[in-house]
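This document starts with one chain, in the form predicted on its own, laid out as structure tokens.
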Amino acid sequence: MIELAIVSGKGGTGKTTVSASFSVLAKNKIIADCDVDAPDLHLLLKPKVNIKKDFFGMKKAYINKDSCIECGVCIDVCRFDAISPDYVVDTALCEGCEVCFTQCPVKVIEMRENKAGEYFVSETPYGKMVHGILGVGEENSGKLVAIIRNVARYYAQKEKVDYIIVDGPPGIGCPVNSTLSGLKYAVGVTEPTESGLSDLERLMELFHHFKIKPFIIINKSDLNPEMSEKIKRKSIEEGAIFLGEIPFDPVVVESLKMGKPVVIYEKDSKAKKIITELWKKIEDYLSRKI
């Protein structure tokens, strides 16, 4: 079984368009959406939720006001200004550091479990999907990503699939690190701009750090052929497998508006043909590794 993450150094590069299409094209797979801060793969794959679970992040402080002597110690030691003058903890500001909990002279502060989001096991027309969402202003996205990956792996082993197709978060932060940790292969999607090149270079550093063999795709490549060529050369110099280019196709925009993966939206679109060829290249390469 091979776990393959599709990631990008920044948002808006077409990562989810590629992820949704690969989720359709791959046979015998589990789909995982690890973009828990702003998930959108479900908008294209239309999952039907079968299992819903609460996700608990860091514990938050709670003050028992009936026993509180209002000495002010907790307010003084809270560096996040999370405790109001009337001794109520703002859970949106509380970082769960436990300083107030340890410093309270009468021990009336407790650390309580805090629901920070949810995760789901669903069925889509293209296979089982594991996904989740973090609550507004909540943290610990990396922990939720790890849970989603573990649940996806459980079903992958149970159902003896060949692939886990992972739609990763954009950027290079904690949730991306959690997505890439332990992987052997990933797909980096970028665009032919200076910022696209810069973010890809930072993403390549992560690939090197985690010892991942990356495939690189340039989306909307014909909008700046010179920059596309520069990114292609850079990818090869960095040891990546340059998979190919997807030229701009208005059908992609139409498919997104209609909430469908582009590879099933229009039978003979240019984007469908190229993305299908790109997946075939990956499949041919990875089939020798399964």
Partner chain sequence: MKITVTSGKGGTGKTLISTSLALSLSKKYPTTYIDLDVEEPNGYIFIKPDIQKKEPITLPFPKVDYDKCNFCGVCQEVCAYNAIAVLSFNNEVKIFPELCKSCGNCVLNCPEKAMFEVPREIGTLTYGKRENLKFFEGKLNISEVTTTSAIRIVKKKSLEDIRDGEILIYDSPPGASCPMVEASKGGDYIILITEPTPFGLFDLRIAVGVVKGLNKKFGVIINKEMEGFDELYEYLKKENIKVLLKIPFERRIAESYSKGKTLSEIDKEWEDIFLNLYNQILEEVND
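The structure presented is a predicted model; accordingly, all values stated were derived computationally and were not measured. Numbering follows the first chain given and starts at 1. The term rigid core refers to the maximal set of C-alpha atoms that superpose within 1.5 Å between the two forms.
Just so you know, the form predicted in complex with the partner chain exists too; it's not on screen, but the next bit is about it.
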| property | result |
| --- | --- |
| Option touching the partner chain, based on a heavy atom within 4.5 Å in the predicted bound form, out of V89, C97, I212, V161 | C97 |
| Listed residue (E229, E70, D222, D54) with a non-hydrogen atom within 4.5 angstroms of the partner chain in the predicted bound form | D222 |
| Per-stretch contact check against the partner chain in the predicted bound form, the hit in 61-69, 233-241, 22-30, 246-254 (non-hydrogen atom, 4.5 angstroms) | 246-254 |
| Whether P85, K115 and G168 all lie within 4.5 angstroms of the partner chain in the predicted bound form by heavy atom | no |
| 4.5 Å heavy atom contact, L44 to the partner chain in the predicted bound form | yes |
| The partner chain contact in the predicted bound form: E205, any heavy atom under 4.5 Å | yes |
| Distance check, G182 to the partner chain in the predicted bound form, heavy atom within 4.5 Å | no |
| Proximity of P192 to the partner chain in the predicted bound form, heavy atoms at 4.5 Å | yes |
| Contacts with the partner chain in the predicted bound form, stretch 30-48 (heavy atom within 4.5 Å) | D37, A38, P39, D40, H42, L43, L44 |
| Core fit, then N114 C-alpha moves 2 Å or more between the shown form and the other one | no |
| Per-residue C-alpha change between the shown form and the other one, L183, threshold 2 Å, rigid core fit | no |
